[in-house]
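Following this are structure 1 and structure 2, which are two forms of one protein chain, each written alone as structure tokens.
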Structure 1
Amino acid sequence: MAVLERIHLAIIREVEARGSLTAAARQLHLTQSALSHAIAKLEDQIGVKIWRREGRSLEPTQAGAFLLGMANRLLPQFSHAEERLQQFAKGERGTLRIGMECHPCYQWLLKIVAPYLDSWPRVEVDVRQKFQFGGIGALFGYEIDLLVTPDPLYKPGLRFTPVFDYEQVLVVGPDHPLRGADFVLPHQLAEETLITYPVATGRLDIYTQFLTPAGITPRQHKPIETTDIMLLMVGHGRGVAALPRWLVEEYAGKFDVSPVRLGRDGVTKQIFLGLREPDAEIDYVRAFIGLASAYRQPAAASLHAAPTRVRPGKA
């Protein structure tokens, strides 16, 4: 009877990640001979090949692809279980791993994490940026414990809690004709260079809730990774951007930019915290969600407040 062991899954995942038996063996601290023997023995037991050679590279067979999928799902859960058991043995509470699927939410997260660290000194907090665009899979794979996202994807086994509301606004520079306007309409952006975070347009609110329903496409779309560079470009007249109003106001003393409401009624959004349903009963997870839900952005503005200008040195 075939015996599938954890080392087999680790080998399959490392060969796929590293591209060769030699590199995988080095990563796993095995000799290439030992690695090859382990897989050859497994192939002999299950009666099917796991890889096929294509030139100098190894490609998984159908059986290999199945095992690779299993490895990607199960190995993080093994690591998570071992980490938890080690924490229990040391008298620690655990680790709260937070995945980010929201570029501008880092500023908000800092305000939650700081008091949380004070309140839960025996809980480690780890923020994982690489899950900006794959958070749901990371939750199911036990690679993160909480997901910060503006776009919850409701699936069995997951729970999403809204933690705060915000307004998405257009950001313009000091000489832009829309500066000081009560609101902007979609057709007014047809000739603009629109600067956004590097996210697919199908997940950008300014497209899905504002431009696309009106059939409008900006003249140019320029993705930029960092908020500072984005606002620097806007402040120097190189385009307009779409950001949360509270984030624009947080940068009040740094850039000469101004938020403008998107449409007469504005575009409202929520930030959610997603987690696995069984983890909702863990006290330190529940405490983080409670702290996040209680927090309110001090700079948050009403949708129907007067337009706000943000200039260096002035809030």
Structure 2
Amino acid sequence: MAVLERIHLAIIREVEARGSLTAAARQLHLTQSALSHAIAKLEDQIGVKIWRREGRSLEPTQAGAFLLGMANRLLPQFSHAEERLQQFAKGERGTLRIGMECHPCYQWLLKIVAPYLDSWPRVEVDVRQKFQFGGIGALFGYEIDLLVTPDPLYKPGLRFTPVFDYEQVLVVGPDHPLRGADFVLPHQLAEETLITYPVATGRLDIYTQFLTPAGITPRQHKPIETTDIMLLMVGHGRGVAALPRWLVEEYAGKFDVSPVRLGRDGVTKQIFLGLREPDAEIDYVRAFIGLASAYRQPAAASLHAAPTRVRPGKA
């Protein structure tokens, strides 16, 4: 009745990865013959070839490609499940797999994870940054358990909690005319070189909330991967960037850069923590969200340019 087994998916994935049955067999601690038989039997049972044998090379058929996709989806879930069960056995609590969809949040995350690791010694934390189907897909596909993102998605099955408010500011170098200005208006960036992380402009707040509404496009747009290089370039007058104010202050000692408010009222942003609804029951998951929420006050305080006193009673 049930013909398709985990081993078949493993074989299909490994053959794709290694390019030959023999190599795949080695990897799976089986003989080449075993694989050949296993595949022959499967192909016989389902009535379709999985590979087109062209001389020595194997090319997946339509069915093969379909199974390959399935293997890549399901096999990680099996292995993660086994890890998880082993953790149950050892009395450990599990692994919290956190996905990041927000470049500069890494700094913030570290501040949350540090005390979390102390209070939950039996929980492993794993941070991932690249997802084939985006953060939401990773959440739905059980690749991660928590998602740090600026774009919440209120859909059945998922739950998002705001954990961090911050102000997005323009960053300028020491010799920049805007240095020390109260704020900057969109047209003042028309002749600038704007440095951003390498993502679509539709996902950059400086565009969606500041430049695009005003119909302004900067003279040049430079994508840079890392925050350090970005600030280094800004510090040497090679352009301006938009980053969270707290991050700029964080790096204040390292680079000679200054924040300038975006627009008269500033651009404010929120970071959310997303999870699958059923996981809201898990204590160590709740605890992480709780910790992140609790951290909100001090972080929010650093939102203000002037050293504002902490105001009590603010939600």
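Here the structure is a predicted model, which is why all the values come from computation and not from measurement. Rigid core (definition): largest C-alpha set, two forms, superposition within 1.5 Å. All residue numbers here follow the sequence of structure 1, with the first residue given the number 1.
In this comparison, the chain shown as structure 1 is the form predicted alone.
A displacement of 2 angstroms or greater separates the C-alpha positions of residue 73 between structures 1 and 2, with the rigid core held in common. The Cα shift for residue 254 between structures 1 and 2, taken after rigid core superposition, is smaller than 2 angstroms.
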